[in-house]
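Form predicted alone, single chain, as structure tokens, below.
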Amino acid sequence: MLGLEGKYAYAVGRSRAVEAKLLDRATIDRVVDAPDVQSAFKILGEAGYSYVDSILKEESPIDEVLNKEEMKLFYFIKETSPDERLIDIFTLPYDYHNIKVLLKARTYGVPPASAISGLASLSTESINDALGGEVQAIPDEFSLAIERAQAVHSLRPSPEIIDIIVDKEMYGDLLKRARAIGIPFLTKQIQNEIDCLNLSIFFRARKMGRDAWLVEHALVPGGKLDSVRLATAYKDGAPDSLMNVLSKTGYEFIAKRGLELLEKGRSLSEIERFFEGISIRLIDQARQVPLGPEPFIGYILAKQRELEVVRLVIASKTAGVSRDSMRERLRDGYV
């Protein structure tokens, strides 16, 4: 039986062949400096982005064109990965996103159409059927997420609660699937996302003066950090409580810096950039591995981050955000 290195040899070869097409910092800077959205898409077209003509001719919405670019990545995963379960890891967030959108739409009577993602694997019809009581219309893990979100929402009704509980279920599902696939790097990457999310929840909740009940329900288990101890530290409120939870985890610096920023009443954007830096370093390390699943997954994550950056730049340009502000937001945030 082939080990992981042999199993992923073809996928690594394919990803090495296409990773040269990832946008470099110079190209991103050119997109930022473009005078308008159409000029920005011309640069992206020169760099290999498809469907640009439909934007230049004003035939398709911007989101639709960028979604098609991400669908190309999904097709690449499907036709290249030796494990068919891997694609689910990357489409799953869009399924849970649509569950949140449709659950809030049904609960609060708001139209969902503009917020629905076209990148999900579940149809909106099947989700709506499940929300209407036909729980067999979607897999059990999604039905369970809906059930738990509705249960907690009944205790404390708000759209935010729906987001919090569905996101929590999503990360649990992602971690379970990653462990089943059996690639240590993939599990580590998701645990890193959970840790960064939990620390972000902790600091932003402290800055906004949110109550301990909300934080306890928002924190996600499964990362390197103990979410129960983190919730207790939040409730306690003492700086030493947080430092004790993070002792010998590698997050001590960010805890100290986050507490300093809170004490001074300053923005937590520095903390978010730190989290982005952790993710970028993990992706870079994966791409440097010569054989195995790491460089294949590293390429996928790098391409997804590239698409996030492009979406941010195009959205900012559409909203009239200054180039300097865009550069500040992107500083240290690109592979």
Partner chain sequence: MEIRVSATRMQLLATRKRLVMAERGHKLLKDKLDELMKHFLELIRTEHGLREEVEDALVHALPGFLEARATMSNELMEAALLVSRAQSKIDAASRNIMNIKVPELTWVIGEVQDVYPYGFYRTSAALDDAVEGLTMIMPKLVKLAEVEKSIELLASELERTRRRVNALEYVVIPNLKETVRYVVMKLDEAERGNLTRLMKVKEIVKEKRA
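Everything numeric in this text was worked out from a predicted model, so none of it was measured. Numbering follows the first chain given and starts at 1.
Here the subject shifts to the form predicted together with its partner chain, a form of this protein not shown in this document.
- By the criterion of a heavy atom within 4.5 Å, residue 82 is excluded from the residues contacting its partner chain in the predicted complex.
- For the chain shown alone, residue 117 is a contact residue for its partner chain in the predicted complex, at least one non-hydrogen atom being within 4.5 angstroms.
- Residue contact with its partner chain in the predicted complex: residue 177 places no heavy atom within 4.5 Å of it.
- Residue contact with its partner chain in the predicted complex: residue 75 places no heavy atom within 4.5 Å of it.
- Residues 108, 204 and 269 are all found to lie within 4.5 Å of its partner chain in the predicted complex, as judged by heavy atom distances.
- None of 231, 214, 131, 138 but one reaches within 4.5 angstroms of its partner chain in the predicted complex through a heavy atom, and that residue is 214.
- Comment: its partner chain is not present in this chain, but in the predicted complex one of 256, 224, 156, 235 has a heavy atom within 4.5 Å of it, namely 156.
- With the partner left out here, its partner chain still marks one of 144-152, 88-96, 177-185, 244-252 in the predicted complex; by a 4.5 Å heavy atom cut-off that stretch is 88-96.
- Contacts with its partner chain in the predicted complex, taken as any heavy atom within 4.5 Å, map within 156-187 to 156, 158, 159, 160, 163, 164, 167, 170, 171.
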